[in-house]
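Encoded as structure tokens, the following chain is the form predicted on its own, with no partner shown.
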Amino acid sequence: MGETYGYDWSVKSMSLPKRCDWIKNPDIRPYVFLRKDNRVKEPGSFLKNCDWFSHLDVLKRDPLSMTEEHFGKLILELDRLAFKKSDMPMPGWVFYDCGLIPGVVSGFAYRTEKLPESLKKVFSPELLKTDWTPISLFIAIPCVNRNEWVAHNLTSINSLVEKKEDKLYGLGFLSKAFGLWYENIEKLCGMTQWVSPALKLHANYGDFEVLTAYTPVHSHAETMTYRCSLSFEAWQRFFLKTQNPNFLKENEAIKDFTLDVKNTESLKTLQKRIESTDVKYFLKPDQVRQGVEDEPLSIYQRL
């Protein structure tokens, strides 16, 4: 069964690894940055067996209020710094029009006066004028399909912190998990680049279906689109570093094809296959977690 961090898999809800104890720090709190009309009456009512967040005091910030100007600008600064290398920073109007008005922005925030120097120096000093500083963000937007949302963005300050010991273990994964839990999201679509390290996170929230392997309409054609049916058991397996015992009982690898994510023609071959059939194709989460760039990636279909 592999490394289990000393936790009993038979319990209803696995405790988070000790390395995630930062979540118990009273100077770190989850936040939701959304207009009042979009607030959820019963957060966490879909994934009822997840108790990772139910005891936490959630910060609720309103983007329609001028008093939240600096909180919002800090989120944009975090995004800009994280995505400038890939040339995909989010303009303020996209943040507001496409994220804040229809959906929810969430993540974790650190009490500014207690912000460690290694995290503080990431931001421009003139922006640190709010009581709480966002250190991660996840944007989810509702779709026309009932109970389906789209993940627009995910990042954490970990990617901008130099020393490994200053990073908050699991911050990115838990930021997305909190948003999904809070909003009672059942199915999630999203986009990411095949060579992005974030793929290792995205593939571990539930069954991971490939909707596109090659996406020329996107600014980066080597982008994959996915759909995920959320499962708290999958979240636990991510930290336990274990496999889904039922995956190979429910899916089989395509025998005549493996995917080379660095080869555009290979991506196009899979895309043509997706477009020519009603078969649903999936990735094996634990294989993705180990990395997809160095070895051919198996593609699975439902039995």
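Please read all numbers here as calculations on a predicted model, not as lab measurements. One rule holds for the numbers: they count along the sequence shown, beginning at 1.
Missing here is the form predicted in complex with a small molecule; even so, the following discussion is about that form.
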*Just to confirm, G172 within 4.5 Å of the small molecule in the predicted complex by heavy atoms?*
yes
_Residue-level contact is defined here as any heavy atom of the residue lying within 4.5 Å of the small molecule in the predicted complex; does P216 satisfy this criterion?_
no
*Examine P116 and determine whether its closest non-hydrogen atom to the small molecule in the predicted complex is within 4.5 angstroms.*
no
*So, in the predicted complex, is S106 in contact with the small molecule at a 4.5 angstroms heavy atom limit?*
no
*asked:* Going by heavy atom distances of 4.5 angstroms or less, which of L211, L127, C143, A198 would be at the interface with the small molecule in the predicted complex?
replied: A198
*Listed residue that, although the small molecule is not shown, lies within 4.5 Å of it in the predicted complex (heavy atoms), from V122, I185, L76, M191*: M191
*For the chain seen here without its partner, which of 67-75, 106-114, 92-100, 199-207 has a heavy atom within 4.5 Å of the small molecule in the predicted complex?*
199-207
*Are all three residues A82, L154 and F238 in contact with the small molecule in the predicted complex, where contact means a non-hydrogen atom within 4.5 Å?*
yes
